[in-house]
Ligand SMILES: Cc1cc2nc3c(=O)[nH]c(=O)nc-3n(C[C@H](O)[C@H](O)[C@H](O)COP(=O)(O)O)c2cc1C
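As a starting point, one isolated chain is supplied in structure tokens, in the form predicted on its own.
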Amino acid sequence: MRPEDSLPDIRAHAWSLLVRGGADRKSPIHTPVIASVDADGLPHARVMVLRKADPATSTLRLHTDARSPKVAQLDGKPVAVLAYHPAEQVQLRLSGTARIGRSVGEVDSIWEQSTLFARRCYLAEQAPGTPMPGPSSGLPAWIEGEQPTAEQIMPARANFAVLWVGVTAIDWLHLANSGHRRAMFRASDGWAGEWVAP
């Protein structure tokens, strides 16, 4: 039996791609598309950076600006995650529920793990999506292109939040000239899997 013929192996493979995506910025899974629906029922999709995937808890961790409009669209709501790995020829479509973490105990250790340069983007003076008079990074002029110090970066912490996605379903699609394969997994009393038509 080939590994792609075993549902447990496929689910393990999907999570291994996600774990690598969170750890390796060169992985194509590192930047999945996160889709949601706003209060008016309008769809929104954006590329975000996957920071960590944990198969034991079926969660994904991403970072966001706490002032972003997407926070209200995502917090406590259903979300879809889409990623594609060209070398593996695998598309992953995940469903789950998003939760925004802002509390000190939950977020500070994650904040401290980030580099000072990565934290710099949270120094933006305006919330994401704010109209600007012209092209701008939104960063204060004094920090443009500069490596900040720990003291300079302190005000940025208030703008940092963590997006957790509790994954409840995985749609795994392997594209192949010999014939595509597709499997669906749902988290209910363990992870139940089934083959579906590609």
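The first residue of the sequence shown is number 1, and the count goes up from there. The structure displayed is predicted, hence computed values, not measured ones.
The same protein has a further form, the form predicted in complex with this ligand, not shown here; the description that follows concerns it.
Checking 152-160, 52-60, 39-47, 138-146 against this ligand in the model of the complex, the stretch whose residues place heavy atoms within 4.5 Å of it is 39-47.
In the model of the complex, this ligand stays beyond 4.5 Å of every heavy atom belonging to S27. Although the partner is absent here, P69 sits close enough that one of its heavy atoms falls within 4.5 Å of this ligand in the model of the complex. When this ligand is considered in the model of the complex, D171 lies well away from it, no heavy atom lying within 4.5 Å.
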